[in-house]
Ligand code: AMP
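Single chain ahead, written as structure tokens, the form predicted alone.
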């Protein structure tokens, strides 16, 4: 099976690695020379992944069986439409359906129109004159979001990025003045975020293990919003601070959204994931994304059992997959990104990272390449985005975190990494925060079993046990 992977980040490296492990022949199209893709792919085409006709021409000329679109920008540009018009099946929705990610306004209006719950109170503004009146309508702290794609950045939260509603209004006006089509204002949700990714076909919705992404640049969830500094997943495919009922409710929102799109003539084939906030009232939708998450997919794909991934994605591209191919191992993962200094605000490009990859792999940690290019044996030059991801696996989240930290000894250079992701302290902080929301005034309790006991039996068979079909 010959597969084209569109995109050049660590997510695409992970997709290509999982495909090659399954026996597929991979071709890649990327704007830069990702070292991981250069090692794996039969051919790497250096081109802009948003140029639909060029992507389709390359895919057709190489007789690929299907294409997988990694990043959001090609989906928003309609690359999937160009490929399908050329007769190439695609793992990725049409440009019209990808608006579920590329327009926060579209997503919220869709859910409102179809009476789908889990949506925070919001207002959409398109002119500077509307901002003050819209902000005055909120009695809670607010979040300000540019309506379009922002690579996981650009969202400002009251109490973190600004102090007062007036400052939030000023930021919204600034965004509109800079040319953003619209700005969404939302009530701030208190709780813990989590990501639910799912394979979406004509016949059903097939969820992957839950993942929690670490968005903020600095430890303790401080600093600027980023595309994601890392993430973790739990052995039972849930998370330390939520129950299966919370996962099921989030999955229901995803399924209702897919049904709503189809009722509007927007058939969806590809990956859809919801970013949710678990609150004291249950899960609320933060955003939808129309592709594999980055870094979330690095955790999920690390757990996929060897041998069937190419066939699984072929089913997604074709509209119907075999549920027996949904095989995620019961293990915990932690991903930590090495990023250039200043990433999140003013990243410094051009630095060098030296990796002793054999020693890292001996430590049980995978290396996935992002925005870097080779500078010689074991040396890599950083761009301005996330550079290298280290992926650890173990029985418990904290063990996987320790494993990644041990591997960091074999990465030298001027880079920054959030070491706190998946640590016992970090997990306990998140779990106790949720406990205090559910039980106001609750006293601190011991670490939950999923945090403290690495050999504890899983509480379920994982998210792949449940499939939503039509």
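Positions refer to the first chain, counted from 1. Bear in mind that the values here come from a model prediction, so they are computed numbers and not experimental data.
Another form, the form predicted together with this ligand, is not on view; read the next lines as being about it.
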Which single stretch, out of 87-95, 306-314, 141-149, 242-250, brings residue heavy atoms within 4.5 Å of this ligand in the predicted bound form?
141-149
Using heavy atoms only and a 4.5 Å cut-off, determine which of 215, 269, 99, 366 is in contact with this ligand in the predicted bound form.
215
Just one of 128, 134, 277, 255 has a heavy atom within 4.5 angstroms of this ligand in the predicted bound form, so which one?
277
Any chance residue 373 has a heavy atom within 4.5 Å of this ligand in the predicted bound form?
no
Verify the contact flag for residue 331: yes if a non-hydrogen atom of it lies within 4.5 Å of a non-hydrogen atom of this ligand in the predicted bound form, no if not.
no
In the predicted bound form, residue 155 touching this ligand (heavy atom, 4.5 Å)
yes
So in the predicted bound form, does residue 391 come within 4.5 Å of this ligand, heavy atom to heavy atom?
no
This ligand in the predicted bound form: contacted by all of 189, 193 and 287, heavy atom 4.5 Å:
yes
May I ask you to list the residues of 88-104 that have any heavy atom within 4.5 angstroms of this ligand in the predicted bound form, in sequence order?
104
